[in-house]
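Quick heads-up: it's one chain on its own, the form predicted on its own, in structure tokens.
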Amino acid sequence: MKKKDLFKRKKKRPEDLHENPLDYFRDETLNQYASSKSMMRIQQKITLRAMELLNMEKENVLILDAGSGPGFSSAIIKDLGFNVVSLDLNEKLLNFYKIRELNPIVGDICSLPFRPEVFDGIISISAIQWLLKENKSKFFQDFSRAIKNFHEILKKNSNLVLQFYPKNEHVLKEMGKIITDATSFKGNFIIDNVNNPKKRKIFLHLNKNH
């Protein structure tokens, strides 16, 4: 299998067509996404895998679901026995369901509204690709801000797991460089089902060791 096939996509994704997620997740599209049983099942499977990689003990820990949308992933985290905060830029998505127990907060992952070292773990499912757009005027500036913020709010010796859809190998290389230059995170990319395009998922697993 050629490496370039790892990033091959049959059609453009929403982040390829819209500059801002708020432009995409609105009106009928927002309703369809938030009420989709299929999307819910997909998010649940990815979240369970992300939590496996996060490798958390359940006692008195707090996990941030960054870019939570309507709370699909947060609900799984809560059901697993963890405390969770659901953060999303789109207030309408957070209000689609009654998710008070998931501690919904409207906020931007590039400017997180939390004090330093408050979270024991962070996951983000299908969100950060909105920050990795080569057609943006300042390439990767948003990702740099986000990864610095994640590093700041995460406790020492804790983990961050990001699942996303990179456009090409260049994206992964630039992400790795930004992480190395801007933080003390250590980790690697993890690719599940590498030979099955329909089931393939790419994760970034990072540990804050100091």
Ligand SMILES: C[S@@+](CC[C@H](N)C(=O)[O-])C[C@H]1O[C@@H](n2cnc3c(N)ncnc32)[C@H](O)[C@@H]1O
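Fair warning: this is a prediction, and the values are worked out from it, not measured in the lab. Numbering starts at 1 and runs along the sequence shown.
The form predicted together with the named molecule exists for this protein as well; it is not shown, and the discussion that follows is about that form.
Q: Are any of the heavy atoms in residue 187 no more than 4.5 Å from a heavy atom of the named molecule in the predicted complex?
A: No, residue 187 stays farther than 4.5 Å from the named molecule in the predicted complex.
Q: Spell out, yes or no, whether the shortest heavy atom distance between residue 102 and the named molecule in the predicted complex is within 4.5 Å.
A: Outside the cut-off, so no.
Q: Does the 4.5 Å heavy atom contact test between residue 82 and the named molecule in the predicted complex come out positive?
A: Close contact is absent here: in the predicted complex, residue 82 is far from the named molecule, nothing within 4.5 Å, heavy atoms only.
Q: Classify residue 130 as contacting or not contacting the named molecule in the predicted complex by the rule of any non-hydrogen atom within 4.5 angstroms, answering yes or no.
A: Looking in the predicted complex, residue contacts with the named molecule include residue 130, since a heavy atom lies within 4.5 Å.
Q: Heavy atoms within 4.5 Å of the named molecule in the predicted complex: which stretch among 153-161, 51-59, 170-178, 64-72?
A: Among the candidates, contact is made by 64-72.
Q: Looking at the named molecule in the predicted complex, which residues in 85-109 have at least one heavy atom within 4.5 Å of it?
A: The stretch 85-109, when checked against the named molecule in the predicted complex, contributes 87, 88, 89, 90, 93, 107, 108, 109 at the 4.5 Å heavy-atom cut-off.
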